[in-house]
Structure formats: structure tokens, C-alpha cells
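Quick setup: one chain, the form predicted alone, written in C-alpha cells, and binding and motion questions come after.
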Amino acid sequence: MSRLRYAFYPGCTAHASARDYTRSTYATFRALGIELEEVPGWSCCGSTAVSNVDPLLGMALCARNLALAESTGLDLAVTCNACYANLAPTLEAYREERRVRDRLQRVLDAVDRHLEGEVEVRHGVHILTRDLGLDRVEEGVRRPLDGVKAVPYYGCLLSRPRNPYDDPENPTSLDELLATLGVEVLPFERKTKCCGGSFMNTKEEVALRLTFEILEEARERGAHLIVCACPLCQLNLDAYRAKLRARYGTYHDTPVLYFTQVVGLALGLDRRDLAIGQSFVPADRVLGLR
């Protein structure tokens, strides 16, 4: 059986606030025969902030990381939605717009880098559902998550503005992945609604309202679990329950896990290898863990 190999772009949170995401990604991908090699010398992609202030700088940061990945001869794997939403459009613009390509290559020349545009950018969800395939995932399931009801939360960036793998308004790849594990996937109207992102640092009342609405729908649907694919989404949905209760008078106890943790559990991996237990709202009771 052939193994898939990718250059892994961790992004700024992978070795900090999202260490549980990174640990579970490596463990789960390894169990499925997927090799990840961290991009040497990677740097921040600029997230959503830099491109709003200086679009060229934002694209230049992404172009450098794309060039580093391309030099490995491997396609680029990312697990942060903001990173994906920066890197993939930059690559597309570099390939299709001569003016953008020329400007970015001048920047890359200054740091002795070159980008042909042959590398591909793949989000972890798409690697499992499209590159590896759901049949291969299902073959690896050792502990089906029967009886677990979950809502998939994609966030506002994973399937937009253009994504060749999913419908931008009603993506289904995460739904399909969870169903393969035995999860009962519940309908979720807010699956692509914004959680507020970094507004939690600048306009907290806006982010809290958006987060509340997502958690409230999950509760109303009867979800045991919210499954996400982005470190900032997970943080916003998980970390501010006390503030939400103080503001809205309702406490939401629905845990939020990364898709890599949920897949890993179904594969039979140990919770410690998946770093389950590091989130604010525990998932042990829901998943029958000890």
C-alpha cells in the first residue's frame, strides 16, 4: 500500500495554543500511513490581519512558505483554516496573474527563493477525505463511535471563497468523514458561520455573540460533540464558556474536539497520543473515556 507524503506547514499556533491539534494530527496521519515532514524554516503566513493592512506583504509571506514547501518536492499540508485561506489563494494568483507573479518573484529573489507554482496546498480534512479516501479511513476504524452525535463545524474560511473540494455554502467533506467513523452527523445550519475569529481580542462582544449562536444551535440539535478543523475556531468555541454564561445566562457543556482527535479515537489510538483532555470542556463522558 503506497504511503502519502506531505510537507507540513504548522502555522503559528501549532507549537503553542494548538499543540493538541498538532500532536493528534501527527498520530492520526501516521496511523493511516500518511507521512508529514515539517517545512524547514517556515514563518507566519500573515493570518487574516496582514493581508488587510498590506496585501502584497501578506502574499509575500505566503509565497516564501510555498517556495520552501516546493523545494521539498512534496505537496503542502496545512491544518489551520486561516493558513489554508492565505496560502491557497496566493498560489492561485501566482499561477494565473502575471503581474502578481512578477511582483512576488522580485520579493522572493531578495531572499534567494524561487517558486514555480508546482506545489499544491491541501487541508488536512481534504487529505483524509479526497487524497487518502474514505474507504481507506474506514478500513482503519477499530473503535466505531456509534452513539456519538456530533455537528461538524467548518468555520468561515475552509470552503471559501473558492474550494475545489467542497460546496462553499454547504460543505460535506467533514460530515462524510465523521459518518465513516460511525458518528451520527446532525444537520447544522451554522457549520460555515464565523465564530468571530480574532475579534475576540478586539471586539469581544461581537465574537461572544457569534460563538454563543454556534454553541446554542449545537445544544438545540442535541449534539454530544462539536468537531472542528481550525485552532482559532476551537479556542473561541471552547475557552469562553464562563464569559458566555455571564453574558447570556446559559452554560453550554458541549465539548469541542479537532477532527484529527475524533478520527484517531475511531482508529483505536490512545487518548494521550491524541492529547485529548487539554481543552477546557472535557469530552471524556461523551466519548466514554477514562
Partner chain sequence: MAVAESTLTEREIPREVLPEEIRNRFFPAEVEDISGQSVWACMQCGTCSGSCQFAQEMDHTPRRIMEMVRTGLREQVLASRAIWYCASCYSCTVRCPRGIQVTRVMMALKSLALRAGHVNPRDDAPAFYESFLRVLRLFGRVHEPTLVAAYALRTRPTRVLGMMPMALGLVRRGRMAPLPDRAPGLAEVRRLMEAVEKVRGSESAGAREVALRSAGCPQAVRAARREEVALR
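Note that the structure is predicted; figures quoted are calculated from it, not measured. Residue numbers count along the first chain shown, from 1.
Although not depicted, the form predicted in complex with the partner chain is the subject of the following passage.
*Among 158-166, 179-187, 123-131, 138-146, mark the stretch whose residues have heavy atoms within 4.5 Å of the partner chain in the model of the complex.*
After filtering at 4.5 Å, what remains is 158-166.
_Three-residue site Cys12, Trp42 and Phe199 fully in contact with the partner chain in the model of the complex at 4.5 Å by heavy atom_ = So, yes: the whole triplet contacts the partner chain.
*Distance check, Thr250 to the partner chain in the model of the complex, heavy atom within 4.5 Å*: Heavy-atom contact with the partner chain at 4.5 Å: absent for Thr250.
*Looking at the partner-bound form in the model of the complex, is Glu118 within 4.5 Å of the partner chain by any heavy atom?*
Taking the distances in the model of the complex, the answer for Glu118 is no, it never comes within 4.5 Å of the partner chain.
*Give a yes or no for Asp54: in the model of the complex, does one of its heavy atoms lie within 4.5 Å of a heavy atom belonging to the partner chain?*
Close contact exists here: in the model of the complex, Asp54 approaches the partner chain to within 4.5 Å, heavy atoms only.
*Does the 4.5 Å heavy atom contact test between Leu61 and the partner chain in the model of the complex come out positive?*
Leu61 belongs to the contact set for the partner chain.
*Mind listing which residues of 270-285 have a heavy atom within 4.5 Å of the partner chain in the model of the complex?*
Gln278, Ser279, Phe280 sit within 4.5 Å of the partner.
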